[in-house]
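Given next, in structure tokens, is a single chain: the form predicted alone.
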Amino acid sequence: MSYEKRTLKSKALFERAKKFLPGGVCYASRYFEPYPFIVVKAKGSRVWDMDGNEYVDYWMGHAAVILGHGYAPVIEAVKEQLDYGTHFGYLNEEAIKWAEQVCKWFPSAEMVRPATSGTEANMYAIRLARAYMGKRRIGKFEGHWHGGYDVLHKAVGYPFDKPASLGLTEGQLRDTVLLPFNNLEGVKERIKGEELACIILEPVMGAAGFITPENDFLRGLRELCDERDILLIFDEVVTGFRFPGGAQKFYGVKPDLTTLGKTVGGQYFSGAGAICGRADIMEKIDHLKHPNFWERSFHGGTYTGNALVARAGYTVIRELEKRKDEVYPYLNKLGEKARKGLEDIFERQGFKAYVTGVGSLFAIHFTEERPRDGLTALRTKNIDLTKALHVFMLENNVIYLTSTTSHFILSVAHTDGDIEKFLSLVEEFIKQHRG
């Protein structure tokens, strides 16, 4: 039965949603054609819509959900916390335990402050870097995504010279210097004569399809920042818990600051974000060391460090720590099986497509050349073929986002059988579109 015939309740409710939610959704990336189904339940690696259809989920809550939907230890901890209270507006023990656990996880984290989203974490991190360094301009990479904060909302999608959003002013963006990913010489050329407070990047480029750093690019960038007296910020909103110790430990490069979101708040809850890093930088926030407000970098937020999210986040990080010898080898094995399987299909079928990713993250690219940066990933992408793959998978009860970028994200709840079914569907799709 076709998607539209088996999702009649979702279709009706989506029509209702369009009357009250712009575009009918809470976030544009959650829309897909012909209309999004309405989720009512999630468990493990599956989600169910209101018509009772079951889907294998390769989006996993925007990559937040590593341990699977409905992971029992987190749910139990949250239920218990509900009896004590959720949002006090005061310091609580759960926030302190969470902070200790975050600092234990990341090699570069000496101190941490919570935020309520990855976007907010990046906003405060940029402000903190400027305050600490006494410089205004910042470096940001083409095609990298750091949320909706104005000064970072530049060159997100191709073409990079178009505004990433209406409502951004020239004044907000003029201090953001654009840099090329995986091109250290290009970075050096673009920052000549610049006095930058910081350079921020995703160590694994997420929005354009999990593109990994090449040829010691991160190490070279670290050395360049040291030479030029520039703070290096890793946006680990996606990668922070996809590797033990984050991408910074995986690649052996310590940033000065790290921004976090998603998993750090317990996989399922809002109010999830963090800024962590060197103590001397983080102390620029400290009101005890800097009692005059005009001598410190502001950080705050009504829901920052609320007991519910802190407890959930602490529980997830503790679970990942306890189970890391089981979780990460398993995730890496599944991811490698998917990547190698896809490459084998494209080679056997003589089909021009590329696979990127690392660990539990992978992506398919219908491009003219192997993606290595924002330009090569986005400039020649075959959008029609990319959308066709999404539709084909949807018809076969497999879901991921977005429909224009083929990201796939794994959890410990996924199985070898899930990957084998996924690969067989991709091969079927390629045979249909080979000519």
Ligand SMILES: Cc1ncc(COP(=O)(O)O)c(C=O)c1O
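Sequential numbering from 1, following the sequence displayed. The shown structure was predicted, so the numbers you read here are calculated from the model rather than taken from an experiment.
Although not depicted, the form predicted in complex with the named molecule is the subject of the following passage.
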(message) Taking 4.5 angstroms as the heavy atom distance cut-off, pick the stretch from 361-369, 163-171, 139-147, 297-305 that is near the named molecule in the model of the complex.
(response) 139-147
(request) Determine whether any heavy atom of E202 comes within 4.5 Å of a heavy atom of the named molecule in the model of the complex, and answer yes or no. (result) yes
(message) N122 versus the named molecule, in the model of the complex: is there a non-hydrogen atom within 4.5 Å?
(response) yes
(message) Test of understanding: in the model of the complex, would V237 fall inside 4.5 Å of the named molecule by heavy atoms?
(response) yes
(message) Can you tell me if K262 lies within 4.5 angstroms of the named molecule in the model of the complex, counting non-hydrogen atoms only?
(response) yes
(message) Can you work out which of N92, S117, N182, T356 has a heavy atom no more than 4.5 Å from the named molecule in the model of the complex?
(response) S117
